[in-house]
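Here you'll find one protein chain in two forms, each presented separately as structure tokens under the names structure 1 and structure 2.
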Structure 1
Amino acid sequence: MFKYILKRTFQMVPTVIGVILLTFVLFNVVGGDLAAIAMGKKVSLQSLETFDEQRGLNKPLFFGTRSKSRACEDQDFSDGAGRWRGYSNAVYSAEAGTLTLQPGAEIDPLAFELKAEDEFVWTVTYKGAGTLAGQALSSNDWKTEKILFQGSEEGGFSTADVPLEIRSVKFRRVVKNPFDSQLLFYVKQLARGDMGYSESQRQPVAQLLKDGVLPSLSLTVPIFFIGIILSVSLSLVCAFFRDTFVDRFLVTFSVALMSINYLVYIVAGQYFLAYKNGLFPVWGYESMRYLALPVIIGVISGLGSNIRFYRTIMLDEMYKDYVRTAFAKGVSKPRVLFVHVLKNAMIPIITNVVIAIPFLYTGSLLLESFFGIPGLGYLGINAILSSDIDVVRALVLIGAMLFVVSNLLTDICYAAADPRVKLK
């Protein structure tokens, strides 16, 4: 078994790499402007640049020697003047799609002071004469030129006696190592156990996860085990009394439980059991008494679908040849059910159970939110509402990793439950 586990662990490596890449693409590529999402669009460009720098978002995505800077956005004047329209010594022509700097004009389009140790490059399409970052520009025809300069140097435009017409400008930071990218930064961050920093909570994400895992497990683990024991036991009762009143009643009861919305259980439980009768606290996480009502609601809400699922499994086993043989040999019905049928039904039961294991860590979003339990589900809801990207990304990544590990655990449990399954 040890060799099999070691082999499967090595086989999981490409999957783990794929999960990391997928998480990176979802948040860094598809997710849009993470700094603007987390901090809002009304903050200063320098604050957004600081956010990018702290999270490696000011680097190329995968590789490259240039990266964008918020000090100056790209501008193609055929699409409009943008914030360049505000310069009094520059004239924008929508018809020509150009911005003309008048003679004697000085314009510094950089939104904030650059770092002295960094190197930057302007890419400008122009006609006329002037200077950019202290370097001369002169051409009678349209020309595209790249101007390199150090962050400690002056980076603006100026003209003397001749106007300077500009069609487009691009501003980039020079990256000396082409592989110093956002992806490499993310992988290094994960390698040292750094999940990022929560802007809304003002704490490292790893600390928030550490603080939230115990409340989540204290809620989800009792729901998990009580739900399994109850649903499997009641499904065996259905199989024992199949086609009788007991079986039909439990099936009807299960369908009724499945038909009620999850929020109805929460609101009804809080109102009737907690508020009206005072049997349970409504809100908080001070003792195990505060967990009793959410655990009851969690068990009841999932009981219906589980009973239907496990009942189907048990009845499917009841009509197999080995059951008829056992009955023919005079084996009692309880022994057939609890020894033979239950043992042979363990494979689908294990599959259903292990799939639920990753959710034990991530917690219950609605229960934690409605009952004020400071677990990972509550943390995840608040992170989504406050656009706390680092927290959401960490929860998504850990959940995906747990699914990968649970697949290995499923195979091991198969072998333990069914001797016909060999780990090779």
Structure 2
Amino acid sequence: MFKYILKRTFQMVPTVIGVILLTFVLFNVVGGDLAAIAMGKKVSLQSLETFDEQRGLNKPLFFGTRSKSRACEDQDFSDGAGRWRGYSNAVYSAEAGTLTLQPGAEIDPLAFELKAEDEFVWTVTYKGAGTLAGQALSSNDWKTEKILFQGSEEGGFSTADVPLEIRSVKFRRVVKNPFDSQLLFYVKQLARGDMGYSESQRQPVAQLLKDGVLPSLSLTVPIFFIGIILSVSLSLVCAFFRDTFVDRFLVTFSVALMSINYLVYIVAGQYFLAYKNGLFPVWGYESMRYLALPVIIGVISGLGSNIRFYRTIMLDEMYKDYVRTAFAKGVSKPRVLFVHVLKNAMIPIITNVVIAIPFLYTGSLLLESFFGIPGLGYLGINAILSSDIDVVRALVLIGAMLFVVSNLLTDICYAAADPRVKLK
């Protein structure tokens, strides 16, 4: 058994790597400018740079020796002048697609002071003469040149008595270690157990997660257990009375339950049971009484699909040949159902149950936000609405990791419940 667990744990590794990669791809690659998503566009470039710095977003994605810096955006003057329009001693010509620095100009396009220990590089396509970051540019023809300089030095353009025409500029930070990428930063951060920092709540994400677990569990654990007990017993009722009125009623009932939107349960429950009839408190998290209604709603909303699922499993088993053998021995119907069929059906049921464990942790997004239960679901919804990237990423990641672990647990339960599974 121990060997089996070890082997299955080992097989988990690719999925864990996959999950880390997928969250990375979603947020860092697809997400694009996370700082802008999180902080909006109206903040200073300096604070965006700080945001990037904290989260390693100023590094190359996977691998590379250069990375962009917010101090100066790339500009190809054939597409427009962008921020460069604002300099009084520079003339922009849209037809020629060039920016001409007048003689005697001093332009520092860097938005904020660079870090002194970093090295930077300009790539500039120019004609004429002048200096960039203290180094002389001079050419009568169009020429592209790379200019390296230290962050402590002056990084801007200047011209003496001849104009300098520029076609395009690129500004990059030199990455000393090409493997020092966003991916590495992310993996290192995870390895440290650092979940990041919530911008909207001004707290470390780990703290928020810790605070949210208990309220979430107090809601989801009862839903989980009551749900399992109810749906398994009702599906047994279906199997026992299959093809009779009782079975048909329960099946129709579960399809109807499934078809009602979750929102409707919440809104109707809150309105009729809590507001109109005052059976339950409407909102809040103060005592057990506050949990009753969300738990009821949670159970009912999952009941339909679970009954149907378990019923299918039971009926599948009822058609197996061993059931006929049992009947031929003179075993009574309840005993066939509760002993022979149920023990076989337990195997898929366990799978279905264990796989729902991550839900216990991540909580119920909607129930928590509607009933004001300060759990992880509430946290998640608020984080999404306020674009709090680190919180969302942490929740997604933890949910996924828990799922992977539950999968392992399922397999172990499976091996324990089913003698046919070979423990090798």
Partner chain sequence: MWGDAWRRLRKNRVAMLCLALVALFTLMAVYGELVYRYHDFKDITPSYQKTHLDLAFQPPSSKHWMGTDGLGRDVMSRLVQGVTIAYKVGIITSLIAIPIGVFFGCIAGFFGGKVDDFVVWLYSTFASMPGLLFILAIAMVVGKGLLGIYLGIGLTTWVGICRLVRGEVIKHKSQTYVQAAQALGLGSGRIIFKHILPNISHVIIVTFTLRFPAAVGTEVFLSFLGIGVQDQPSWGLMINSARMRLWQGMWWEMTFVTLAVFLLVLAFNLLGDALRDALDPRLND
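Numbering runs along the sequence of structure 1, starting at 1. Being a predicted model, the structure only gives us computed values, none of them experimental. The term rigid core refers to the most C-alpha atoms you can superpose between the two forms while keeping them within 1.5 Å.
- Between the two renderings of this chain, the form predicted in complex with the partner chain is found in structure 2; structure 1 comes from elsewhere.
- Once the rigid core is overlaid between structures 1 and 2, residue 137 does not reach a Cα shift of 2 Å, moving by less than that.
- Taking the rigid core as fixed, one finds a CA shift for residue 193 smaller than 2 Å between structures 1 and 2.
- When the larger part is held fixed by a C-alpha superposition, the smaller rigid part turns by 8° between structures 1 and 2.
- With both forms fitted on their core, the C-alpha atom of residue 313 sits 2.5 Å from where it sits in the other form; this compares the forms between structures 1 and 2.
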